[in-house]
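First, one chain by itself in structure tokens, the form predicted on its own.
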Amino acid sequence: MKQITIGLLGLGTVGSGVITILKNHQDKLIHQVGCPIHVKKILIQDIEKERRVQVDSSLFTKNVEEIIHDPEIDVVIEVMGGIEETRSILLQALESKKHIVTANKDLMAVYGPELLTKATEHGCDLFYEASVAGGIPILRSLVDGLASDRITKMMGIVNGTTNFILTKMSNNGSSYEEVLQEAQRLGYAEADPTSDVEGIDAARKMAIMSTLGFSMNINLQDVNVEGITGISEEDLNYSKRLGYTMKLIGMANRNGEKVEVSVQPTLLPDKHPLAAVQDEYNAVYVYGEAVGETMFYGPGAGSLPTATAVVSDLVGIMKNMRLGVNGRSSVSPQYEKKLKSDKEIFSKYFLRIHVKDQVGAFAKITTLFSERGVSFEKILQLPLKDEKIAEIVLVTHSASLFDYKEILLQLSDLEVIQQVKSSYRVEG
């Protein structure tokens, strides 16, 4: 091969990083794959816009057809985002025998199986390492490094925005609204942060990881999702008093043939390694039957970390081209999807309730829990300024999600309960 020719879709944060790495690391890339990498066309929306990197304007195009139907372009790198229109473009590119590298988690969580099938049909590679956890090579580790093992659990912080917000709220005692505004100023949060703070971004990543790690088709709809918008300063303070740190945790658990996938605010013991992951950083624990515990840590977003994952995928495609094995790396899921019921999901729980301060109130609460076979590991009881109301904070021993949901319903109906203030999963 004389050279590999690239068409780049998008020149934003990640696209600029890709151009920077291709320029600055060209000698290493040539050593890795044996030929130069040439960017022929870049799809952009605004030709007049000022760019983070210097690029010859003759490379710019607003017409995607110039990329997907150019016979000289070998690989299309998609870093522009979007779902429906982007799916259509990539399907056309695959039909034109273009290999694909994408950083688009939203697209892969929704249309990943369809795109991978199309890639295999046309003898093309479709790699998407950058779609999960930025610069951390977690997907490649699941597919290659841990290919011989049976993954039983994946658990981690996979959204830098929410981790930044929770870190600042916990360390500085700031309100959610204050920290969100700071995150938006620093560029960690979008103008519309819904996807991040409601847990949707993390859920898409967990769906992708679970599909690969468990070798079964896990969709976004299969992930139980709860965001961080309801977390209060009081919740964080009580967590600290009890020796916990609050994180938005993605969890994927397999027992036998059945799996559970969730994203939710979770209390971790202060000594847990994930509790020490600060600010915009990501970290993922992977448990395998043979390897035991492994942990992957690093920047979960940003121009160069994400672009590093994109260009690493590009190198993988180029090596496959030299070997003549493109389109053979995608493996269809091995197992039928079987999701756990609430009766099969077990965890400890943190519960904060306001109770009428009267004789026998706590006894009624403990009776309700004991009828379901749920006992307490930790209890805090504090009077509030209103002398007629007490605040009780409980951490249960392990209970089924089914029993715990039933308890919450019955608590709400209990005459001595003024309000169930908050409830969170406890792990570790």
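Just count from 1 along the sequence shown to find any residue number. Treat the numbers as computed from the prediction; the structure is a model and nothing was measured.
A second form of this protein, the form predicted together with a small molecule, is not displayed here; the remarks below concern that form.
Asker: Answer with yes or no whether Lys105 is in contact with the small molecule in the predicted bound form, where contact means some heavy atom within 4.5 Å.
Answerer: Judged by the heavy-atom cut-off of 4.5 Å, Lys105 is in contact with the small molecule in the predicted bound form.
Asker: Taking 4.5 angstroms as the cut-off for heavy atoms, does Thr161 touch the small molecule in the predicted bound form?
Answerer: Thr161 belongs to the contact set for the small molecule.
Asker: Find out whether any non-hydrogen atom of Lys205 is located within 4.5 angstroms of the small molecule in the predicted bound form, and reply yes or no.
Answerer: Lys205: yes, in contact with the small molecule in the predicted bound form.
Asker: Using 4.5 Å between non-hydrogen atoms, is Ala189 touching the small molecule in the predicted bound form?
Answerer: So Ala189 counts as contacting the small molecule.
Asker: Please identify, from 197-205, 314-322, 227-235, 336-344, the stretch that has a heavy atom within 4.5 Å of the small molecule in the predicted bound form.
Answerer: Selected stretch: 197-205.
Asker: Heavy atom within 4.5 Å of the small molecule in the predicted bound form: which of Met155, Met246, Ile353, Ala301 fits that? Just give me the one.
Answerer: Looking at Met155, Met246, Ile353, Ala301 one by one, just Ala301 meets the 4.5 Å heavy-atom criterion.
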